[in-house]
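Coming up is one lone chain in structure tokens, specifically the form predicted on its own.
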């Protein structure tokens, strides 16, 4: 401990159980572990020195960003050193020529959005946990969110990385080159590796234009199929389409119960699609036209002012907190080919009821990517059984057991449902090459 204290300062090596507690349990309250200590470095050099010290003593290391993960990947496995990156909070100056900015791994998404918008830009990734989710964590999990439709996941936003390898050596490529054909895409490999290959300490992030003119519509449908069928028309007629979010009557009822929001329509409907357009000029008229010609639409509300847009978004963005207010859910982030989305939704409830008859599934997601967030309340002690049933259903539809939250420790037993033996062994080989002693994030991705 003294060596770690010499590196980061004694006040940033936490050993007291009360001080460690908030780092040892994840946001969902489902995953917890005991860390030998919590270390809070403030620079790449300190991270490198910490890893060298841990490697010399054979100590395992778990990496944690904002602790907003949902698959147990950022909580200690047990007896390991937990490295928290929240002090890596340097905010660079936006470079307007390249539309890029350099930030520390501990910078929150909201802070990055703030400096980008002050400079006339925006960030391509957005999600509800923006106030606490950190850039390092977003890169480590290749996070998605509500703008993937337009800008892609976090990996597509990264044009430069500094990362510390398990032996303490530093990988740094921060020029921000948009074109670089010199060998393997190491930045792309580290992004999405869930801290198993290296610790990201700094990133150069590609920014996107800031579109101040927005229009938001909440569309009601009689089925998932109807909501999916309208999507191609919306994409083709709305070049400014930035988000397409799907949710259902049970989720809306829960949101209204806990938020006090009024019903969006006089009658309840089976499925709801929230769409947002963003452009340099007001996209409202194009959105109105697209809505008026949409087949299968039952009802619609359109907002072109900021207050009205926030009100419509609240029906979608308060899902997570409303679900959590009911208890600790089984949270599963999955994706299937969009054509299979209606089948997945139709089969989810009976599949869950087959193993947990009293459970309540609450589902929402990103329709363009076929990505659903399946939340199962009242599953009792049947978390594993519910997870197994849902993930096997997803696999039967050629889907992924993790769309944007990562595998973490929670989904390790089911990795083979989405990855072949050859793929898993290839990933193991890469892990062994960069981390031969298995020091980083033990139990994440692999047993």
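Positions refer to the first chain, counted from 1. It should be emphasised that the depicted structure is a prediction, and the values quoted were computed from it without experimental measurement.
Beyond what is shown, the protein has a form predicted together with ligand MLT; the following relates to that form.
The candidate stretches are 246-254, 268-276, 365-373, 336-344, and the one lying within 4.5 Å of ligand MLT in the predicted bound form by heavy atoms is 365-373.
At a distance threshold of 4.5 angstroms between non-hydrogen atoms, residue 331 is in contact with ligand MLT in the predicted bound form. In the predicted bound form, ligand MLT lies farther than 4.5 Å from every heavy atom of residue 46. Taking the partner from elsewhere, residue 404 is found to have a heavy atom lying within 4.5 Å of ligand MLT in the predicted bound form. Although the partner is absent from this view, residue 320 contacts ligand MLT in the predicted bound form, with a non-hydrogen atom inside 4.5 angstroms. Of the residues given (379, 391, 35, 70), 70 alone sits with a heavy atom within 4.5 Å of ligand MLT in the predicted bound form.
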